[in-house]
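Have a look below at one chain only, the form predicted alone, in structure tokens format.
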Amino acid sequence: MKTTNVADRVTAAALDLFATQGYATTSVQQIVEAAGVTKGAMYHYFQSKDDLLFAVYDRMLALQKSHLDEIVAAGGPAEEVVRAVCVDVVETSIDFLPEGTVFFRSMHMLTEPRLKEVTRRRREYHDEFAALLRRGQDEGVFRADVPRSVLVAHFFSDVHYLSHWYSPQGPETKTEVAQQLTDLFLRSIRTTAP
């Protein structure tokens, strides 16, 4: 489908340019030249460079939220559900490592409405994650002596730091890293050893 291809090419070109030369120093002209499209074609899908930065991150956010909803809907004991969610968020963050890196480096440059939208959606995800932790606390499997907001921050700080050290060409696969980070997190919040 050609129309989707134009939007995908523009997004891919923007991602590459934002990663190599920074969001602030990348022009719309450079993006359309790299994508091999006209400005009119780009503006048909994206109103601004701000829209492109949002689009770079939006795909990952939407996918992770969809996976969260599916995992929660499947049910199971709290620890198993939290494990599945943690593994998924690490794996998808690695799959979208360039997008996450660009976004976290540049998100402060989003317009206020876009920044509020990202913040709202991330908060929604974190709130659902916190609800899973609360369920585990209610089931007696997760410790309750540390505020849930600290537990959420503890896990997601590892996720947000991936771009600083993880390399797909490194010795660990994304699945190994996801399992290892999840195991470390769950061990730290369990009330007792398994």
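Numbering starts at 1 and runs along the sequence shown. None of these values were measured; they are calculated from a predicted model.
Note that the form predicted in complex with another copy of the chain isn't included here; everything after this is about it.
Proximity of residue 164 to another copy of the chain in the predicted complex falls within the 4.5 Å heavy atom cutoff.
Proximity of residue 62 to another copy of the chain in the predicted complex falls outside the 4.5 Å heavy atom cutoff.
Taking non-hydrogen atoms only, residue 175 never approaches another copy of the chain to within 4.5 angstroms in the predicted complex. Proximity of residue 109 to another copy of the chain in the predicted complex: non-hydrogen atoms within 4.5 Å are present.
Comment: another copy of the chain is not present in this chain, but in the predicted complex one of 135, 143, 44, 67 has a heavy atom within 4.5 Å of it, namely 143. Checking 154-162, 127-135, 27-35, 51-59 against another copy of the chain in the predicted complex, the stretch whose residues place heavy atoms within 4.5 Å of it is 154-162. Annotation for 166-188: interface residues with another copy of the chain in the predicted complex are 172, 180, 181, 183, 184, 187, 188 [heavy atom within 4.5 Å].
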